[in-house]
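Listed next as structure tokens is one chain, alone, in the form predicted alone.
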Amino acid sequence: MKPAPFSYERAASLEEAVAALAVAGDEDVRVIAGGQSLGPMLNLRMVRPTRLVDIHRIEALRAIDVLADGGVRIGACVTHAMLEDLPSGDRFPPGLAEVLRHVAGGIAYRAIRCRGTIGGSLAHADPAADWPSTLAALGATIELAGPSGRRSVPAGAFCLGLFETAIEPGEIVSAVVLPGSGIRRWGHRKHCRKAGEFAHAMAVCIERDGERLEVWLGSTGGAPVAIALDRAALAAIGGSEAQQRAGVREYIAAALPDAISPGDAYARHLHAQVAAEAVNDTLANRT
């Protein structure tokens, strides 16, 4: 199929893009960046906007900057491939580049990663996407630009449900800001029936010095879900390595919120298993 007719505008700056949305009137205006989600929806006529505002070539949205406080600001139009190809070194806070490279490298296929953007993934808010749960686990904030200026929303509160976000009318995701504190240990797992497809369950576990250990679950059918972990309870799980891993899985299964796949024993088992693997990976990572 082909898209329904629409007009097209390429914005030269973020301000120009915001202005284009502000004067939309009765038009159904959509922002397009990489187009890896919006493109198929247009072709299937699941959405029929009357105008598209293209922000992909705005250079300010394609930048990755280290901030004065040690944090990192990633422009909304930075592609998954750009994050997958982050260089090694001491430019980023400890552990952050490794997490970003790992997660980005597991998204779909390289051709898609070369076009798909981190901001577009967040704005689309597919529960099975990798970035919503990862950025929530990393303690990121999502920067939004709109007619009233700019504001920030914690990544953990940004996705509200299935394809639902905290974006207000006229706003555009402009950047992701990550904190400057280093990552001590981390783990990331997801379950896909075949390589490159959306995950049926995923989990990201992050540990920072002096902060609590928690795991964020994705692919829940709605917003990412956090489970706070009791360090003492995890430390008390003894036995052989196999027994320890089984003990962590039982602990996660007991802590799994009732709202995740209620009545679906297989799905709940899958979420618990993937989350336990991410936690076990984190605990086994001594670096």
Partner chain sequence: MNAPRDATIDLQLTVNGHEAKARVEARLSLCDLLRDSLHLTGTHAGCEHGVCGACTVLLDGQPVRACITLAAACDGRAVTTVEGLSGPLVDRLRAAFHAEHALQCGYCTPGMLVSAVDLLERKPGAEEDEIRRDMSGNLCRCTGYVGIVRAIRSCAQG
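Since this is a predicted model, take the numbers as computed values, not measurements. Residue numbers count along the first chain shown, from 1.
The form predicted in complex with its partner chain exists for this protein as well; it is not shown, and the discussion that follows is about that form.
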Could you tell me which one of 192, 128, 153, 114 places a heavy atom within 4.5 Å of its partner chain in the predicted complex? 114
Do heavy atoms from each of 239, 245 and 273 fall within 4.5 Å of its partner chain in the predicted complex? no
Segment that reaches its partner chain in the predicted complex - one of 63-71, 214-222, 246-254, 49-57, heavy atoms within 4.5 Å: 49-57
Wondering, does residue 262 line up within 4.5 Å of its partner chain in the predicted complex on heavy atoms? no
Applying a 4.5 Å heavy atom distance criterion, does residue 231 contact its partner chain in the predicted complex? no
Going by a heavy atom distance of 4.5 Å, is residue 91 a contact of its partner chain in the predicted complex? no
In the predicted complex, does residue 284 have a heavy atom within 4.5 Å of its partner chain? no
Within 4.5 Å of its partner chain in the predicted complex, which residues of 4-18 have a heavy atom? Give them in sequence order, or say none. 4, 5, 6, 7, 8, 10
